[in-house]
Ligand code: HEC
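Consider the single chain below, provided in structure tokens and representing the form predicted on its own.
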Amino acid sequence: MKRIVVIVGALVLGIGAVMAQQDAVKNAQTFMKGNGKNAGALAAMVKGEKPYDQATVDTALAQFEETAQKLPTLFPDSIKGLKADGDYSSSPKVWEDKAGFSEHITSFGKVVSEAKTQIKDLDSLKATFPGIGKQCGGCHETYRVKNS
């Protein structure tokens, strides 16, 4: 009887750990999707597809800032090697090059912080947005892989 209780307990703990890992992957994915949505909204304004809207800019920058603050905690060692649903997952380089990954996060946070003080109209958005995109893209090139 004790053996059954121990086995069931171990299974419950194991299932809990797997669920926690999947939650961590989904949490990271949620932030990245939010960034993509907001970057798309800003890009539409830059391209003239949507009118300039300061509230949309502020919302996007707030999302980017929150992501920059939370990124260091979004990729715990426990999710290394797990694939996210969708087209992309984290590259093993996130964990192999922690210093480089942290540097990208710091650079992204700095660019977003500066953008919050600089973007006040369409012209300043057009001048500033490419720097944000460069930070996002640079990190994606190194630390994101396409799911096969």
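The model shown is predicted, which means the values in this text are computed figures rather than measured ones. Numbers follow the displayed sequence, beginning with 1.
There is another form of the same protein, the form predicted in complex with heme C (HEC); it is not shown, and what comes next is about it.
Enquirer: Pick from Lys98, Lys70, Lys120, Lys33: which has a non-hydrogen atom within 4.5 Å of heme C (HEC) in the model of the complex?
Expert: Of the candidates Lys98, Lys70, Lys120, Lys33, Lys33 is the one lying within 4.5 Å of heme C (HEC) in the model of the complex.
Enquirer: Every residue in Ala39, Val94 and Ile105 with a non-hydrogen atom within 4.5 Å of heme C (HEC) in the model of the complex?
Expert: Yes, the whole trio is in contact, each within 4.5 Å by some heavy atom.
Enquirer: Whether Thr56 contacts heme C (HEC) in the model of the complex should be assessed with a 4.5 Å heavy atom distance threshold; does it?
Expert: No, Thr56 sits far enough from heme C (HEC) in the model of the complex that none of its heavy atoms falls within 4.5 Å.
Enquirer: Heavy atoms within 4.5 Å of heme C (HEC) in the model of the complex: does Ile132 have any?
Expert: Contact with heme C (HEC), yes.
Enquirer: In the model of the complex, is there a heavy atom of heme C (HEC) that lies within 4.5 Å of any heavy atom of Ala115, even though the partner is absent here?
Expert: Flag for Ala115 set to no.
Enquirer: May I ask you to list the residues of 50 to 79 that have any heavy atom within 4.5 angstroms of heme C (HEC) in the model of the complex, in sequence order?
Expert: Going through 50 to 79 in order - heavy atoms within 4.5 Å of heme C (HEC) in the model of the complex - the hits are Phe64, Leu71, Phe75.
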